[in-house]
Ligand code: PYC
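One chain follows as structure tokens, the form predicted alone.
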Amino acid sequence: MPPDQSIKIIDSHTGGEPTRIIIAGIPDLGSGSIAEQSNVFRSQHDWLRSSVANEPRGHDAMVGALLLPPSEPDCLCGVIFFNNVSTLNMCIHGTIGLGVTLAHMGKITTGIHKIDTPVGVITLNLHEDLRVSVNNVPSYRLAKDVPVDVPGYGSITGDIAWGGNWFFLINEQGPAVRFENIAALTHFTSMVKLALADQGITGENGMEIDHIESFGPPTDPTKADSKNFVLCPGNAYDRSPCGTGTSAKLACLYADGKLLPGQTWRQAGILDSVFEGQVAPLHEQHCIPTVSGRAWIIGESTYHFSPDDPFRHGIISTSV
């Protein structure tokens, strides 16, 4: 890359989970769909992902995004999300962060805006109080009560569901979902993820189940209906309640008849920050989840890439 190359970013966090959006300095990804551009980004410009998400600029929990022109004509913008290991199909906490970032940049005001993502067009609604509601892609449960033999834990059952990413949802098995159990929860969910892969248990069309979500009772039942711990690709846990994970949960509740259209589900994350979710029926057991939450702008930066800096493109971990 040219020695004078730089990129500009805006940082936010959504319920404790970071979003780092690149707003300038993005390489040419071609004129294809956002899904096709995501493939180009992943195959030809992975240095940029690593530079932003990995140390010394980032860390294991960092989620980044590219702010792009849309490929769909009725969309405000396109976005490609990524983390410390690769691109992501979809990211709702990141979309909430995108909403407040666009407002911070003066690109949007309150109201509904369409966003072009690799898995389809979604909408975000920026409210007067700067809460953001995201209408996600169609979500559904693929399979219920699927058993997996997990070394050290025995047989664990969970639901396989799509909420923009593939999830294995586990209800009250393994370590209790409490902040002081993060190390134990990380080990448990990472073992479940390995066991699913080893036993050939996948999402639809053989897609990897790359998110594991464990549930327990909320810390305060007056503020939330459930509490989760979500292991993301790269083996970092989600600090927020996870928007796509909340969508997968909503789809399972809807499939079981436990959540009716118009009812609100309050999903707490491991830090007790809360997303609110509702569903609209689509067809059969498919639904359109809407997830709402808050994000806060925390900084703006310009990143430079000195040619003699051995870590200018990030420190790539060999453990993920």
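For every residue, the number given is its place in the sequence shown, counted from 1. Model, not experiment: these values are computed from the prediction.
One more form of this protein should be noted, the form predicted in complex with the ligand, which is absent from this view; the next part is about it.
Proximity to the ligand in the predicted bound form, taken as heavy atoms within 4.5 Å, picks out 89-97 from the listed stretches 139-147, 89-97, 185-193, 119-127. In the predicted bound form, every residue of the candidate spot (Asn165, His211 and Thr244) has a heavy atom lying within 4.5 Å of the ligand. The contact residue chosen from Ile80, Cys232, Ala161, Leu250 relative to the ligand in the predicted bound form is Cys232, the criterion being a non-hydrogen atom within 4.5 angstroms.
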